[in-house]
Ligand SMILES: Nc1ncnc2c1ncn2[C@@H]1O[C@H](COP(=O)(O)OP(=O)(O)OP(=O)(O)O)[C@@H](O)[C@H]1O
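One chain comes next, on its own, written out as C-alpha cells in the form predicted on its own.
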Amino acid sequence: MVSKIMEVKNLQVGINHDNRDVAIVNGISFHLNKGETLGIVGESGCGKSMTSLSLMGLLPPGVRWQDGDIQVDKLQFKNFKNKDWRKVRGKKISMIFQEPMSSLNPVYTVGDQIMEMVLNHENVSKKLARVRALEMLHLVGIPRPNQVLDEYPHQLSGGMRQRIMIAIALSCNPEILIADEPTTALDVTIQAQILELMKKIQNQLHMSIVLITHDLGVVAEMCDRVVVMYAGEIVEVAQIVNLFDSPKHPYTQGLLKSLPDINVQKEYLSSIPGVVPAPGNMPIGCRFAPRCPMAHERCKEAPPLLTTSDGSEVQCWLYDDGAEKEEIR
C-alpha cells in the first residue's frame, strides 16, 4: 500500500491588484507518495516555482496565500506563522534552489553554512555539527572535503556549489526534498552527475522528491509521476510511462512534440503558438484555449474540471464524456 507523505489541497496563492485578488497559482491539488519523485513541469510563467515556494513558506513580498492547505504527515501548513515554518524548513521539508551562487552566502565558509542548518534543528555542539558537515560533503561526493569545508562559495565550480546546496538541504535528513530547476545553470555533463547524485541519495535516505523543471528529458530520467501545469493550473497528472506514451491534454502533447527526435530530420522543431497569459488577464473558459488547435466553443465558455482517462487525470473538455479523442497531428 503506497502511503502519502504530502497532500496539497486547493492551493491558491496570488497578489492583490486594483482591490481584487489575482491568482498566480489557482486552486491546485496533488499529492506526493513516500519514496517517489514527483515532477512538476510547464513553460516559464506557469506557476511551478511559485508552487514550490508555497510548499516552503517562502512566498516573495506582495504574494500571499489566498486559499487551500498543505499537509505533511499530520502537520497543516495553512495557519503557520514564521516561527512554525522555521521549525519545518530543513528538518521536515527542504529545498535546492535554482541558482546556488545567489543562494549561498558569499561571506561564510561552506562549513559554516552547513553547520548553521544543523545547529538550528539539532541539539548538538559546534564540534558535532562540523563533523556532520564533513559527513555531508562526503555524501554528496565533494573531493578533498576537509579543505572545502573552510572554503568560500566563489572558490568552487558551479557543479560543486550545487552539491553544497544539496548537502545543506540534506543535512538534517528531511523527509521531502524540493528541487527547483536544480540543473538549469549547469552544463550537460555536470547535469547528469547531479541527477545521478540525487537518485543515489534518495535511495540511501528513502526520501521523497518534488522536482520542478521545464526539461522533459530530466523528467524522463528522474520521475515516477508528473504534474503538468499551465497558467497556474494543473492540466494533467500521469504516471511517467503514460505521459510519454499517451499524453492526454493538448498542452502536454504540444510540449512532447517540441522535443527533438534523433530519428527524424527536421528543419524546424514544433512549437506551441502564443504565450502563457498574464495572471490578471486569463481567458474565461479553458486557459489554454487561445493556443489550442483542438479548441471549440465550449472551451471558450467555461473552464473544464479534472477528469480521469486511462489512469491519468486531465483537465480538458475533450475528455468530459469519457471518450478519448484523436491526438494533435
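In case it trips you up, residue 1 is the first one in the sequence shown, and so on. Just so it is clear, the model here is predicted, and its values are computed rather than measured.
One more form of this protein should be noted, the form predicted in complex with the named molecule, which is absent from this view; the next part is about it.
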| query | finding |
| --- | --- |
| 4.5 Å heavy atom contact, residue 63 to the named molecule in the model of the complex | yes |
| Close approach of residue 318 to the named molecule in the model of the complex, 4.5 Å, heavy atom | no |
| Residue contact check: residue 39 to the named molecule in the model of the complex, 4.5 Å heavy atom | no |
| Residue 271: touches the named molecule in the model of the complex, heavy atom cutoff 4.5 angstroms | no |
| Residue among 70, 289, 46, 32 with a heavy atom within 4.5 Å of the named molecule in the model of the complex | 46 |
| Sole residue of 50, 299, 56, 28 within 4.5 Å of the named molecule in the model of the complex, by heavy atom | 50 |
| Heavy atom distance at most 4.5 Å to the named molecule in the model of the complex, all of 100, 161 and 209 | no |
| Residues of stretch 169-202 in contact with the named molecule in the model of the complex (4.5 Å, non-hydrogen atom) | 181 |
